[in-house]
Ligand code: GDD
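What follows is one chain in structure tokens, specifically the form predicted alone.
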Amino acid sequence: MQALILAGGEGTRLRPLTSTVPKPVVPLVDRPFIAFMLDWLRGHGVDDVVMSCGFMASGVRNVLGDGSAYVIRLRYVEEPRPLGTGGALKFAERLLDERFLMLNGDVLTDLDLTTQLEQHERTGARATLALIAVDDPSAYGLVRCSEGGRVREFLEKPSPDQIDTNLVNAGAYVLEREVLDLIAPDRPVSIERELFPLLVGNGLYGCTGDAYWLDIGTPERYLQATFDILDGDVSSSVVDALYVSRLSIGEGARIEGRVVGPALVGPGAHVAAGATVAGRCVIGRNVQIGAGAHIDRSVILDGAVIGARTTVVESIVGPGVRIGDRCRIGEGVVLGEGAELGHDNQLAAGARLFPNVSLPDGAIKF
């Protein structure tokens, strides 16, 4: 089975994490984010993946290679300019089989693609959309279906009196290659707003599933995805690496302080005496956590240095970041790769420090 993954966005909402790293390969727990999707696809019989890239495409290719590390064939197409979801699909046409999956590369999920494929075959559909139920349907465009799953209407930005369903598009589609004939070449096209409405009443179905599903497009959702993976709320091999203590400690890591699970500590990391890494944390490769420091519900990426008696709460610290002593970093802060923060600084309220920015001692307190 073949899949097309749309991974061409710039990931602007995730900056500064995506200022130096393409969004598909931003580290999530212990691997590039898109590796979770590749593992999920392989589990449903996908052995051939076409990656539609745009922004920093070479960076994606350099990390993922030909897919052999993921036991999957991986090929790439690079959009000459942003073409939208439908335009990207049309641009990849020459590589696509008669039937294939198409997926939004921003989503972490464990949807049952096998059931979706079986329904698609059974109904003779031209396109089958994965649908999920959400708690707050007012925040999404909704999909109305008839009995048997046939899609009858899309409802964008519904008013409260219009909401009669809680089913939304989950960004995973089974498509017949013939639908590409409906897409004009060489121009931006939205598959959701232009192609799917043309198929209503003409072979478009929805497959409703009960699964984990999260768009990781913001720092808040990136952290939530990290927590959910560590907690085992989404199916992945990460949980298998956590021992009974719910800890995974990499080779050569030195734990002189205290680490509380669920947590993952990468190879070569050092947690100094008196330091505490509280639950739901990821400590990357060769990270140094100073004496008396406190890390809670945070991600500290490879090579970062956290000073003595510094507190990091519910934040993301990029690779190679250096934070001085007695700092407080908390509540949604994101520090970009290579940033440096001197002693006695305080950052909170979603502050973002972009890559390689350097602030002296006591420069910020808010």
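Residue indices: 1-based, along the sequence shown. Just so it is clear, the model here is predicted, and its values are computed rather than measured.
Although not depicted, the form predicted in complex with the named molecule is the subject of the following passage.
Between the options 203, 105, 149, 209, the residue in contact with the named molecule in the model of the complex by a heavy atom within 4.5 angstroms is 105. The partner is absent here; in the model of the complex, the one residue of 265, 88, 113, 179 having a heavy atom within 4.5 Å of the named molecule is 88.
For the three residues 8, 141 and 154, a heavy atom within 4.5 Å of the named molecule turns up in the model of the complex in every case. At least one heavy atom of residue 13 is located within 4.5 Å of the named molecule in the model of the complex.
For the chain shown alone, residue 165 is not a contact residue for the named molecule in the model of the complex, no non-hydrogen atom being within 4.5 angstroms. Residue contact with the named molecule in the model of the complex: residue 286 places no heavy atom within 4.5 Å of it. In the model of the complex, residue 185 stays away from the named molecule, with no heavy atom inside 4.5 Å. Remark: of stretches 225-233, 210-218, 119-127, 276-284, the one touching the named molecule in the model of the complex is 210-218 (heavy atom within 4.5 Å). In the model of the complex, 79, 82, 83, 84, 85, 88 are the residues of 64-100 with at least one heavy atom within 4.5 Å of the named molecule, listed from first to last.
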